[in-house]
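Only one chain is given next, in structure tokens, and it is the form predicted on its own.
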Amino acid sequence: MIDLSTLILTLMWGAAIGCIYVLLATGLNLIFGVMKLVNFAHGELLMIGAYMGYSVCILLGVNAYIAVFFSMGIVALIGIAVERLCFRRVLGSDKLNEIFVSLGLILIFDNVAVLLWGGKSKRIISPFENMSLTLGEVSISYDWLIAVVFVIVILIALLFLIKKTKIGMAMRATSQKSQTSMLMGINIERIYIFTFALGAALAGAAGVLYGIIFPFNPYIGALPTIKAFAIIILGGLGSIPGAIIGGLLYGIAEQTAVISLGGIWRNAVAFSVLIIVLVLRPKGLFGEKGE
């Protein structure tokens, strides 16, 4: 039996990890929802974000959490370059073209990361390293709490941008009918650039938070990408609330599996949750956008 303190820790740890998944999946969902682009290299942007945060902390000596914003900006610029030079050439063509471009980008990013930073695992040192908040018998890491707060603030800002700004309205219009949006005067190429940069920035933020909580290396991107796709399928394609709830459920399911069954079951149980939901609700918890 799991005692109350272990249960609370499991939920907090799952929420912290789930929040990282939420950022990654939300960025991927934005790109897919607006551009209809399948990008299996999205997790490599998380990896690059982690290394950018690490480098900023080392070279400039800034706080690890301030490095989140540096990383978001840098990875957004990398995202613009990737969209312009790679995906723009194949956008709207056969989905296999997009898949093979993204698979090629995975190899390129991984090898460039090895060349620049080496293959050994690294960690971003937080100013709150080894500090925790004690509530009775429960001790909660400050880094877990800060990660959750960071993600909440970023998501609130994102929802404000999408719901209340002109560019957000243009993104929503483009996601529904790109050709009609173009006829109404929306520059969909600029919307595509902005959307990809925004999705990349969210992955960059997720990367720094990941690097604060976990050791990372150039090859960490693949599994988070698969999990991000699983989360957006779980929550419903194009649904940001679905990505948020799906990410939290996924993170908590993972940690519950680790505590109850051992680390080897982490991914098996989490993907089992996905399968069960899809059997019961084939379009995910929230269905596809617009339904």
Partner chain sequence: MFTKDIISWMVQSTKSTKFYILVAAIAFSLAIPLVVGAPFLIHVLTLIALFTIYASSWNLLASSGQGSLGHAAFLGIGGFVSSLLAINLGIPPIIGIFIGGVFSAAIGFLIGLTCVRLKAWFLGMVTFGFAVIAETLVSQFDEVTHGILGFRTPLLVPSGLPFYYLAVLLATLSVIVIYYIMKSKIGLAFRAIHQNESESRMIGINTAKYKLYAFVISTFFAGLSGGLYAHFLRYISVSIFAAGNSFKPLMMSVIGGLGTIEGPIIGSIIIVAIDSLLPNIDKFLQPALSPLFPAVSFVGPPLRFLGLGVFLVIVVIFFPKGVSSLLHKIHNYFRAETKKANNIERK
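Residue numbers count along the first chain shown, from 1. Just so we're clear, the structure is a prediction, and the values are computed from it rather than from any experiment.
Another form exists, predicted together with the partner chain; not displayed. Remarks below refer to it.
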In the predicted bound form, the residue from 184, 169, 114, 153 that sits within 4.5 Å of the partner chain by heavy atoms: 114
In the predicted bound form, residue 54 touching the partner chain (heavy atom, 4.5 Å): no
is_contact(residue 94, the partner chain) in the predicted bound form, heavy atom dist at most 4.5 Å: yes
Non-hydrogen atom contact residue 12 with the partner chain in the predicted bound form at 4.5 angstroms: no
is_contact(residue 265, the partner chain) in the predicted bound form, heavy atom dist at most 4.5 Å: yes
Per-stretch contact check against the partner chain in the predicted bound form, the hit in 64-72, 32-40, 247-255, 45-53 (non-hydrogen atom, 4.5 angstroms): 32-40
Output flag, 127, 146 and 216 jointly within 4.5 Å of the partner chain in the predicted bound form, heavy atom basis: no
Contacts with the partner chain in the predicted bound form - residues in 59-91 whose heavy atoms fall within 4.5 Å: 85, 86, 89, 90
